[in-house]
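There is one chain below, alone, in structure tokens, taken in the form predicted alone.
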Amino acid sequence: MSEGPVIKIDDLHVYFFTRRGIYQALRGVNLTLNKGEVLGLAGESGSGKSTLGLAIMGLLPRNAIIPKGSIILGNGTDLVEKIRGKAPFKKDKLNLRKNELLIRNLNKHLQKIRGKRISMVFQEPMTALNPVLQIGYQIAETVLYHDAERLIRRALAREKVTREDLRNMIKILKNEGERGIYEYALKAGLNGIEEQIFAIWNREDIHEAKKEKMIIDLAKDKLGLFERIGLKLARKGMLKIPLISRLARRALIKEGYRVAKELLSSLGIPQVDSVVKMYPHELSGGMRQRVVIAIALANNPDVVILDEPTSALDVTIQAQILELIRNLRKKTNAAFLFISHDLSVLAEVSDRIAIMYAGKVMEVGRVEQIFEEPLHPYTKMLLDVIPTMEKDTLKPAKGTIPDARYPPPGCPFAPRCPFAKEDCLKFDREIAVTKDHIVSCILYENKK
């Protein structure tokens, strides 16, 4: 599962300036997301879950500031360095115009990272998709913007490959697996063909004989003369020249549609040749959500943030999306941050779960620790309201989350906690009860 951190969040604070006051959405969040894992993020509405996801992506409004804290990608890049502690104040008031320039500068800085290294699946797919662009185009432009070289490589590899090459690669695939294909493609100068072969071979909706025929037929799919010339010139770094860009663009978009078909097929969408030509309003909610997931995965990102991807779907489609996410983590090496208010959903897909409350992380642990050995009183309260076959009655959650403009001192859960004492108003730190079970509660101060 875990091969090291791909994102490390340290003491992150995010505030929003409004006419009604300063909302302290995040107040010192510490989290680590490891390679290849699914980290669930749970909590009541207003706890800061979605704000954390948007802060990682850099999708902040102009009234947002980050007074301190860091979000470090695995390669050492600090995603919030451009705006941390740089908010323009004048007489304790935020200069929105100057702060907007800072946010724009941050967005410019993150353009090459967002969509390639980190990506996000939003809660409502209909608002995440462009209603006037075809599904295939929306996936294709994501790849074209971040990795045009990949599209060029794929198209020119088909130009060069022969039927004999493809038959040899099918034999290698059967005997040696995918690694042998990479080596063959590298030696033959066919880099890019292996991706297309794997996309066909890993399909589960067609039998093996059909797969072999589709792979051999890759040798038939040739480019037009001008498309071929455009791509070859573009490969030499001449894509920025307007004439060459126009020559290559048609071939690149066409290749992007092929990538879209491969992605949608891998996500279990039938009749992809028709789907890529459809518009968002022509698809069901579950299909639209799969399209948004396809866009998020198009460039093989290191981190995928899922912001309540099943909350707008009915239970049957929700089950399909959760099964899809379970399958995706087996096929990709990406790390997933799954945000949800529903702990039972997170139990289905997560390796670890972090519990948030009032802009802070209350508890982090493996799924079995959170459900079988919960430590924080807030975690226990959330579990008490989940209906199960064993429960005769449900305990309603008492109290409400505090106003983010006036957060209580110390532990934010103290006003609702049945075990609260005076010292809780001064307690504000995390305790590692075990190596992988962390809690922010004074009850465990001397139980390490």
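Heads up: residue numbers just count along the shown sequence, starting at 1. None of the values given here were measured: they were computed from a predicted structure.
From this point on, the text means the form predicted in complex with a small molecule, which you will not see here.
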Which of 28-36, 415-423, 59-67, 376-384 lines the interface with the small molecule in the predicted complex (heavy atom within 4.5 Å):
59-67
Just one of D302, E308, E348, E194 has a heavy atom within 4.5 angstroms of the small molecule in the predicted complex, so which one?
E308
Is there a heavy atom of S45 no more than 4.5 Å from a heavy atom of the small molecule in the predicted complex?
yes
Does the 4.5 Å heavy atom contact test between F16 and the small molecule in the predicted complex come out positive?
yes
Can any non-hydrogen atom of A55 be found within 4.5 angstroms of the small molecule in the predicted complex?
no
